[in-house]
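Next up: a single chain in structure tokens, the form predicted alone.
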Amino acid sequence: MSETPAKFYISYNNIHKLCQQTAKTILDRNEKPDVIIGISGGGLIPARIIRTFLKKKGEKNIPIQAIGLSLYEDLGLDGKVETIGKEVIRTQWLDFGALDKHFDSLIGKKILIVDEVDDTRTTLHYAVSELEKEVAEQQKRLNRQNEKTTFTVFVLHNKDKPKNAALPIEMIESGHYMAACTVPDQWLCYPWDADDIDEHTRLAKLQGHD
């Protein structure tokens, strides 16, 4: 029995195709998003690529917003070693001023959240939870509680492993959690992290990830 490689190398071509396939599924369901939210840094490139395939000729571009989230990493001072990788730090959030140029609020909109990988699910849980809170606050302030906002999560890869956090059951059961591929819990090497892109692409092709 062949061993699973220690590292998975993924090419830009592969990512392009995964975004194209997922966009087709979204459009076939008539669920084109009103706004795309990319989680930096790994979600920004897939967010831009999938927008290309979600946009129809003659239509305006779908606005893309970036949010910055990172898992807190303590340096081991003050006995806080156990907090490593468990606390999400918000480093960047939505620019509602820019969004106001497209629509009045997120209420009643279809929102596509994009990241490259669903690893422990901690970051995705935080993003969805906080965005749901933002919408709930807007609904209360504007007295628009009867309007439904739909959140969809798209990741290139879902690691097949126990998760440390959960996404809403309704999101999972309704098909609004979309992972282009489910992969073993291995080290995923994305092309934007490559020092030598030619060697990276060669390895991706050898592994069938091109």
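In this text, residue numbers run from 1 along the sequence as written. Keep in mind the model is a prediction, meaning the values are calculated, not measured.
There is another form of the same protein, the form predicted together with a small molecule; it is not shown, and what comes next is about it.
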ask   = Is Pro33 close enough to the small molecule in the model of the complex to count, meaning some heavy atom within 4.5 Å?
value = no
inquiry  = Please determine whether Arg121 contacts the small molecule in the model of the complex, using a 4.5 Å cut-off between heavy atoms.
reply    = yes
ask   = Is there a heavy atom of Gln65 no more than 4.5 Å from a heavy atom of the small molecule in the model of the complex?
value = no
request  = Would you please decide whether Pro46 lies within 4.5 angstroms of the small molecule in the model of the complex, comparing each non-hydrogen atom pair?
outcome  = no
query = Since exactly one of Leu94, Leu131, Ile107, Leu71 fits, which has a heavy atom within 4.5 Å of the small molecule in the model of the complex?
reply = Leu71
task = Can you check 22-30, 169-177, 140-148, 37-45 and let me know which stretch has heavy atoms within 4.5 Å of the small molecule in the model of the complex?
result = 37-45
